[in-house]
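Next comes just one chain, in structure tokens: the form predicted on its own.
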């Protein structure tokens, strides 16, 4: 028997606002950040669990404190019991009646739970000697369904529905795993499209993306209609007619404004419009979807939980579901969302525009392909070429695809030097005189 002996937290921030990496119409100067935790045990095997909540700077310290508020649930607990019943462990954290009051099941506390859950999955996968996607893909249909809390879902997805989905996919698992290893998983890139970039930089990066094998790029829009028309036209001229261009408004518009704005961009053959309005506006998204058709609506990176996704699917609010590894309560809830998407026949193209999100979310898509949806058609994982060097097992993206990681774990472990160097506010990167320009505090 081993027990959890420590839960250490870190406020890690990167000064990405200096180069406007990550900039969009609603978030003009993000500093990509992670409220980060390490779970340590007395097992003596050297394995630790690493997880994080992605933020964009100010407020990251709030998430770190929220993670600390969960320590009492796992410190001193039997590791084998926690990892052996991850469905029960998820409920242990999410169903804390007092902490739940702060949501319930949304916001800062729910995201902190996701970080702890994901760190436990990282530990479980390392102990098994498997990458997370493969650990999940080897589970029986019954074990997978047992990870999901069906409270609030059963009017749309029952345990029997979920079991049927996973059992239907089970016979082809080995063939799809082989295909994944041989072909990779399709990717698209947002690297050229940040709103703060010049047109020249947009063109250069867009052409590089095509040369690197990406079949789709994404541009940020929503600040200026005149600028958006020019930038989308410039990108279309740069990549030609055969490369898909998606656009992302990052919640900038009201409902009718979104419909009207997209009418001006539609002539440039738009692959989807992402986050056109408030992520909480289920009916607003549905109205936009009707108003901009046949352009699909994509959303999900700020959708707070499985219940909101259920409603959006029921209402026809989205045609591309963009789950996020660090927004909801971890792997378990994302499995519920994947099952919902499979039930409604909606494609999943995860959000990965942030530090560590590419490393984390690839495991969910690969598991989905092997064991749930059995489908890669029209599905892609977002790729952003920033900050991968800070991870022990950075993503392998080439020829326009993600290539399956083989290292044990969930891909969320940062290198030790990053934890020391980028800790806020006392790490050397943030100390007086570093970086060369003073980041926004």
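Please read all numbers here as calculations on a predicted model, not as lab measurements. Residue numbers count along the first chain shown, from 1.
The form predicted together with another copy of the chain exists for this protein as well; it is not shown, and the discussion that follows is about that form.
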Among 234-242, 77-85, 153-161, 183-191, mark the stretch whose residues have heavy atoms within 4.5 Å of another copy of the chain in the predicted bound form.
153-161
Of 201, 100, 167, 91, the one that lies within 4.5 Å of another copy of the chain in the predicted bound form (heavy atoms)
100
Tell me, out of 216, 305, 322, 137, which residue has a non-hydrogen atom within 4.5 angstroms of another copy of the chain in the predicted bound form.
305
Verify the contact flag for residue 227: yes if a non-hydrogen atom of it lies within 4.5 Å of a non-hydrogen atom of another copy of the chain in the predicted bound form, no if not.
no
Proximity of residue 279 to another copy of the chain in the predicted bound form, heavy atoms at 4.5 Å
yes
My question is simply whether residue 361 lines the interface with another copy of the chain in the predicted bound form - judged by any non-hydrogen atom within 4.5 Å.
no
I'd like to know whether residue 394 contacts another copy of the chain in the predicted bound form, with contact meaning heavy atoms within 4.5 angstroms.
no
With the distance limit set at 4.5 angstroms and only heavy atoms considered, check whether 122, 372 and 379 all reach another copy of the chain in the predicted bound form.
no
Residues from 53-68 in contact with another copy of the chain (non-hydrogen atom within 4.5 Å) in the predicted bound form:
54, 55, 56, 57, 58, 59, 61, 62, 63, 65, 66
